[in-house]
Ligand code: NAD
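There is one chain below, alone, in structure tokens, taken in the form predicted on its own.
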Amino acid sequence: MSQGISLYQTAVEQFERAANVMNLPPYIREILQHPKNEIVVNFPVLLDNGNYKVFSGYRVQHSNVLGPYKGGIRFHPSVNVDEVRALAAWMTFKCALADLPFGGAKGGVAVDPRMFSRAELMRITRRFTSALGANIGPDHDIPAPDVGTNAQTMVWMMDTYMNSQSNATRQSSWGVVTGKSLVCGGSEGREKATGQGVQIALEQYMKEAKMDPAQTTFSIQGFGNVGSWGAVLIGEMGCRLVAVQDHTGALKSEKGIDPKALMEYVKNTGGVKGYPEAGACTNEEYWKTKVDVLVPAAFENQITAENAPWIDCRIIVEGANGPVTTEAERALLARGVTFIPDILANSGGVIVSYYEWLQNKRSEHWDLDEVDARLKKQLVRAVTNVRKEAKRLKVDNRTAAYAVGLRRIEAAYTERGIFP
């Protein structure tokens, strides 16, 4: 991630662009510029060598005017409060745009999970959950996986929280987190959901632009859960993957890279470096690869004023949160690049998390076809709303996406008022 760029300031600038266009009341702007709660915890963990190490964890709860706080938990050495604030704010607007009964939150622990054993990661997760205590709950704040965490992390969180409850309420706590394994209350389709959302949003835009998938090339930056599933599902549309970059290196092949084969390779090796069916290239060569669609699906602030001039594409689909700096976005918009913004493109994960939460509350289990059908219907509706708002306000897609979400938040504040 680029240093020196306040991610939270980027988030505020993005929402204020829409607020200016739609004349959002000043008191709502003031409220949304500040997270409602910020929790910082420092907790000791017993390591395998018998020593203790103190870790710092965060949970920022941005808004709950539309429902319980909702947002992921990130395990990464760069986690800090500014980053978590921004991610929490984006969750507020993402949930509002998707018409979910959730507010926004985000959390994380400053830790590199690759440096610790499975047993140590379990203790880190359980101690963090215990330290958060009543700051999370199935009707209050519902975490989910993010960078560096997965279904196993969520199961440990759920089990820790459940065992802190009384016998009478323990079995009503399955929905305290989402993104769990199927056997422990997870939903069909959750693993691929964020990448699937990227594919569905792109598909709708390509239909509007009358783009032929068979003639469409794309590149992916980041090949973790979102990037790999996005690549596979976009590939299944008929598009050709020609370049990939992750933390281990970059690949390029004009004839095309098989996303499924690369996904299997990365599962075994931990990165794209050394993949035998495509040539290695430098990071600069990756960014300069001409494609129709570029999908940044790694971290924040990856497309900057430095590398934006290298980019030659028609559409940028933001699989990651905040992958483009404000300065880079202005430059790319001026060149006619279309953005499918993060709060729309990567909302598939939180949408299916909502379905998981509903299934837990109802003691139900939906099959994959039902989850997929519901997800597509909800995302297509969100894309349609954004495109209508963009045309009505004569603004870019990001500003329109924020405007759609902000109208829902504005209506809630107008009707509810401020208590007391």
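Given the structure is predicted, the values throughout are model-derived calculations rather than measurements. Don't overthink the numbering: it's just position in the shown sequence, from 1.
Here the subject shifts to the form predicted together with the named molecule, a form of this protein not shown in this document.
Colleague: Is every one of Ala243, Thr289 and Ile311 within 4.5 Å of the named molecule in the predicted complex, counting heavy atoms?
Modeller: No, the candidate spot makes no contact with the named molecule.
Colleague: Which residue, Phe223, Phe218, Phe128, Phe93, has a heavy atom that falls within 4.5 Å of the named molecule in the predicted complex?
Modeller: Contact with the named molecule in the predicted complex is made by Phe223 alone.
Colleague: Just one of Gly230, Pro145, Gly108, Gly104 has a heavy atom within 4.5 angstroms of the named molecule in the predicted complex, so which one?
Modeller: It is Pro145 that has a heavy atom within 4.5 Å of the partner.
Colleague: For the chain seen here without its partner, which of 96 to 104, 181 to 189, 246 to 254, 328 to 336 has a heavy atom within 4.5 Å of the named molecule in the predicted complex?
Modeller: That would be stretch 246 to 254.
Colleague: Report yes if any heavy atom of Gly71 sits within 4.5 Å of a heavy atom of the named molecule in the predicted complex; otherwise report no.
Modeller: Taking the distances in the predicted complex, the answer for Gly71 is no, it never comes within 4.5 Å of the named molecule.
Colleague: At 4.5 Å between heavy atoms, is Ala297 in contact with the named molecule in the predicted complex?
Modeller: Heavy-atom contact with the named molecule at 4.5 Å: present for Ala297.
Colleague: Indicate whether Thr194 is a 4.5 Å heavy atom neighbour of the named molecule in the predicted complex.
Modeller: Thr194: contacts the named molecule in the predicted complex.
Colleague: Even though the named molecule is not shown here, does Ala320 get within 4.5 Å of it in the predicted complex, heavy atoms only?
Modeller: Contact check for Ala320: yes, within 4.5 Å of the named molecule in the predicted complex.
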